[in-house]
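There is one chain below, alone, in structure tokens, taken in the form predicted on its own.
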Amino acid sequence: MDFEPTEEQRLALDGWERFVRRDIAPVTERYRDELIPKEAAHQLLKQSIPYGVGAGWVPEEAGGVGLDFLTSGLLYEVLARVSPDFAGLAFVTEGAAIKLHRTGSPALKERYLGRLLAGELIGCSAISEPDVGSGVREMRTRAEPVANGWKITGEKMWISNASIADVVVVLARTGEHQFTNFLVDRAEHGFRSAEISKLGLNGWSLGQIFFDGVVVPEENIMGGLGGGLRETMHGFERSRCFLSMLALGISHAALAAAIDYAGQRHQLGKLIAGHQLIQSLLAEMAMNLDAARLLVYRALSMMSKGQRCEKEAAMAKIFATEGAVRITSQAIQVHGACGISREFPLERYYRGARLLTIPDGTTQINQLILGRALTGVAAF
């Protein structure tokens, strides 16, 4: 298994990294712990899309950049080293775009896909509910047929991009055991949202979305009646991989900060980089990061080949996010008292890493997915 970047990937990554540090970082730095405003989000997306971030998964013939998932993941990892908040915002919008490309009607794609791929619209997907997380079949949000389409009623919670999304792909119950995706336009159909205050990654919107009898036309069904659950399961594999890329980016930034600090800080007559315990911490951080990379790259490589990777994506999500918690905690330890100061970025890296162990299946849910794959027996 060769995950060494190709020459083409290297060139793309080099140009992208220069652009991120020159044009993305100065903007996102202003919103380290506050929501990236909608206007700034649109502008950042428009700037990033030509590089393949925000429109990479959709084929070129449909208006996207047509990247494979591994190449896209490498780009997101570079971005997450500087701004995991914007990286999350971009891949959630990109997720809505690929769902629309895969399952939307021609009329729906004509109206919305080009604008999503141009950064003119911000998208999101709405699955989780206040009392419904990983048990998707227990959801209460319903869509009922009416004279002029479908009426959607319910509440979604823990939705990324909720406060700034222009369009949402919402999964709703359309029958006893039937679940369907609908595209809902905030401006045209009307849905309300409320931001949720959270531990970390506060530049990235997370909130509730309320559908108070919202009516959408028949053509806004995506993937046909009853096709929503299948598409949702595919989406979880993708989301787990790309959340893992955010964890890799945060881990890389924390390790780089720790190495830099160890090479500057003197204690007991020498640089702390020369102390055995500091070197042990740095070595363990580097091993955890490289091991996580290999797991994530494997899952992305499988997705690029069109293969299912439920087990591999779950494994990557567990190891990369839990590894990011360990790495950022150890980076704080290397910094000593400075590590807990808000004058340094380490405490922010730690909060962001800890948050990533929860969405798209907690560590424990992903362990159960692995257990099911290993034993053939479902625990949930």
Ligand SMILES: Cc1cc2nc3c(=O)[nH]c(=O)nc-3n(C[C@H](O)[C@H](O)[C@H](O)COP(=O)(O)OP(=O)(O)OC[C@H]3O[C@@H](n4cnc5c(N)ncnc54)[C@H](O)[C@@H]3O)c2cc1C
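What you see is a predicted model; the values in this text were computed from it and never measured. Heads up: residue numbers just count along the shown sequence, starting at 1.
Keep in mind that the form predicted together with this ligand is not shown, yet the notes after this line are about it.
Using a 4.5 angstroms threshold between heavy atoms, W158 counts as touching this ligand in the predicted bound form. Contact between S72 and this ligand in the predicted bound form is not found at the 4.5 Å heavy atom cutoff. Residue contact check for Q9: none of its heavy atoms lie within 4.5 Å of this ligand in the predicted bound form. Among residues of the shown chain, S125 is one whose heavy atoms approach this ligand to within 4.5 Å in the predicted bound form. Interface residue among A172, L206, A96, L117, judged by heavy atoms within 4.5 Å of this ligand in the predicted bound form: L206. For the residues V334, L355, V325, L346, the 4.5 Å heavy atom test against this ligand in the predicted bound form is passed only by L355.
You can rule out all but one of 306 to 314, 291 to 299, 143 to 151, 128 to 136: in the predicted bound form, only 128 to 136 has residues with a heavy atom within 4.5 Å of this ligand. For the three residues S163, V167 and D185, a heavy atom within 4.5 Å of this ligand turns up in the predicted bound form in no case. Of all the residues from 366 to 380, those having a non-hydrogen atom no more than 4.5 Å from this ligand in the predicted bound form are L368, F380.
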